[in-house]
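Single chain ahead, by itself, as structure tokens, in the form predicted alone.
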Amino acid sequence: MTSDPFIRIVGAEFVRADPAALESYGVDALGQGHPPDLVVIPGTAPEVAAVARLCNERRVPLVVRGGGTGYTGGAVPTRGGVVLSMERFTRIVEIDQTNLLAVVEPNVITADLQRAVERVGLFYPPDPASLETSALGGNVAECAGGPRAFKYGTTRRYVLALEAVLPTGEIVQTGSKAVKNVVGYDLTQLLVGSEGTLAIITRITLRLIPKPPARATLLAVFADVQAAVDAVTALIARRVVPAAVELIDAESLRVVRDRMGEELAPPTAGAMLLVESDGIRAAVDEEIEQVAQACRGVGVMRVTLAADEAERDRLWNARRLISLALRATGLLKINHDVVVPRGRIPELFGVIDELREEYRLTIAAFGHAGDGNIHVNLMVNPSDPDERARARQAERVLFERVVALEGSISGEHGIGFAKAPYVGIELSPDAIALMKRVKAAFDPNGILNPGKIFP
């Protein structure tokens, strides 16, 4: 593939074909993929449109890339072609304090937006663990969640409008700055979670809310996972809805202790809950006390409140480092963000125990117990083919059992190519066929992010 026509669109400085660049842009956090033939880095929506038209005319695969923090291979090629990197789209265009919204370009880092709006007393709730490195365009494409989804919902709830480029080169505007809009089909929400297979997002309008004036963070340590799960059930029974309820199992706690030097709980602990409440101070104090009582009622080993913001930040930073700590073991980390109805979390952990025993695997499980979204990490010796084969058998069983529990095989990481072979476990052939017709309407020549989602 010649780079000349792409150089005419974006300039020679923003077209890369050297082996190091192709290798780098050919993987994401999953660590798998296929090098592209070219990397093109546009700086405006019209340049994105021109690149898309050229790829469509020549039937060249086109894959959009943001922060590269995904876990399912959604932003990497499967068959060469062009990677279109959005790394120049980094502006916070507007923070509208009157209308409680922000307009951003897609490669604004999530945490940077959060800090910017909090400086003026506003709040953007979605908080994926990768918030310091993940880009908002990728958050929209994957419908990212995070710990605060229990109370505040996922990215989908906050997207009001999009500017997007179709694979055929048209620039379209979807939604509006108004909070109510029922004109035609809801193309905005269709694009949210579409994993870069329908259009290329070039601008995002996000809803904001007032920043909660107070918050409190509680750490509860339990003898085993069952007690921690019982505590979650007990606090929900009290009609308490904290901002976040995170459950961390013994294996995850051990790895954080060994690899990061951070002791969140004593070695004898079987599980830990990290719970945060926010809102008006009086309400926060009452709610966090209700959480503490729920934990004590099921037999907690220890309950402590973060004494100040520094301790609170330390606890949450340790939670967000779990994935890095697991990767630091040198084992292959097969990460699945399965989700079940909250009331079936005990059954999900029962399934995890069965998989550990039957397939002789080390499994670390942690995640968003408030909304049933648990990250199940199969830790595998990459040089042991038998163990890898057992892990592949176990992940299929995991997905089948999760769907039987009325859950989903992916709560926030998407499907990409890593989970594409398993989509049929959850979706019927008719539902998949309908999705393929939607895909064809947006992308008649199938150039945009091919090889993703569909088996």
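Every value quoted in this text rests on a predicted model; they were computed, and no experiment measured them. Numbers follow the displayed sequence, beginning with 1.
The discussion below concerns the form predicted together with a further copy of the same chain, not included here.
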Contacting member of T202, S134, T154, S323, with respect to a further copy of the same chain in the predicted complex [4.5 Å, heavy atom]: T154
Proximity to a further copy of the same chain in the predicted complex, single hit among D249, E105, D278, D371 (heavy atom within 4.5 Å): D371
Location of a further copy of the same chain contact in the predicted complex, chosen stretch of 173-181, 350-358, 379-387, 82-90 [non-hydrogen atom, 4.5 Å]: 173-181
Triple contact flag E23, R115 and A310 to a further copy of the same chain in the predicted complex, non-hydrogen atom at 4.5 angstroms: no
4.5 Å heavy atom contact, L305 and a further copy of the same chain in the predicted complex: no
Heavy atom of P210 within 4.5 Å of a further copy of the same chain in the predicted complex: yes
S408 within 4.5 Å of a further copy of the same chain in the predicted complex, heavy atoms: yes
is_contact(G33, a further copy of the same chain) in the predicted complex, heavy atom dist at most 4.5 Å: no
Residues from 127-144 in contact with a further copy of the same chain (non-hydrogen atom within 4.5 Å) in the predicted complex: E142, C143
